[in-house]
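A single chain comes next, written as structure tokens; it is the form predicted on its own.
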Amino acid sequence: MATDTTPTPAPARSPQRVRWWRRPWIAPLAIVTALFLATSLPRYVGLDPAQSLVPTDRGPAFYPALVTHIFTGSIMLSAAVLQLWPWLRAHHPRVHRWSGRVYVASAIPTAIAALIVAQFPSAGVAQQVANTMMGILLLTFTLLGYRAVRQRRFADHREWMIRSTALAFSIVTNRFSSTFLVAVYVPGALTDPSIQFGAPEIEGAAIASAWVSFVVNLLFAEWWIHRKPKKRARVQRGR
């Protein structure tokens, strides 16, 4: 009796589910963003210039632009956290698309308001140039990312939005870099109440932080975009 020797095809493997601990950065990012908003936003909810973290006596356009930048920026950062959450993108693509629309709709006025605020620097022209450049790049990258997704160029969309998000979080980075640089430039400034924001002693720290906060983030974004995942690199080396 003939025997059927045709091998039985192996069952198709379902895509391996990525566990949450494979993306350990999303929870800390969400926590840092929430803490940043919780400590910054309440000062501006009452629209009282006296509660501002920065001096507001810089012309009639400064405070309205600052408040707009902070309010729309808070929405932008919250939407950015959702955009960067791989689980949400994989399991709820409709929510991902809507949070992306919210991100773009809030990032555009945030960048425009930042351009206005940048024209009233506390530390001179160098800080003005840094903040203006950051605002222009944030607006440009966001619009390029939006255009790419409308044209269904999803790879380009991903790259432009990574750059945009990196710049969006430069305000959070600035909070850490400014504290560190003030301590470097003016030892003891963090514990001396006589040294106020905008004092000549810390202008150098403010200028350095304005550049560091977005340049470092942008460099990290470029590394993230062009890096080779370990698995792909192993496959390529094995060929």
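Residue numbers here begin at 1 and follow the sequence given. Predicted model, so just to flag it, every value in this text is computed and none were measured.
FYI, the form predicted together with a small molecule isn't displayed, but the following is about it.
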| property | result |
| --- | --- |
| Region of this chain that lies against the small molecule in the predicted complex, out of 81 to 89, 142 to 150, 161 to 169, 94 to 102 [heavy atom, 4.5 Å] | 161 to 169 |
| The small molecule contact at V186 in the predicted complex, heavy atom, 4.5 Å | no |
| Contact flag, A30 vs the small molecule in the predicted complex, heavy atom cut 4.5 Å | no |
| Exercise: T173 in contact with the small molecule in the predicted complex, heavy atom 4.5 Å | no |
| Residue contact check: W211 to the small molecule in the predicted complex, 4.5 Å heavy atom | no |
| Non-hydrogen atom within 4.5 angstroms of the small molecule in the predicted complex for each of L66, V117 and L138 | yes |
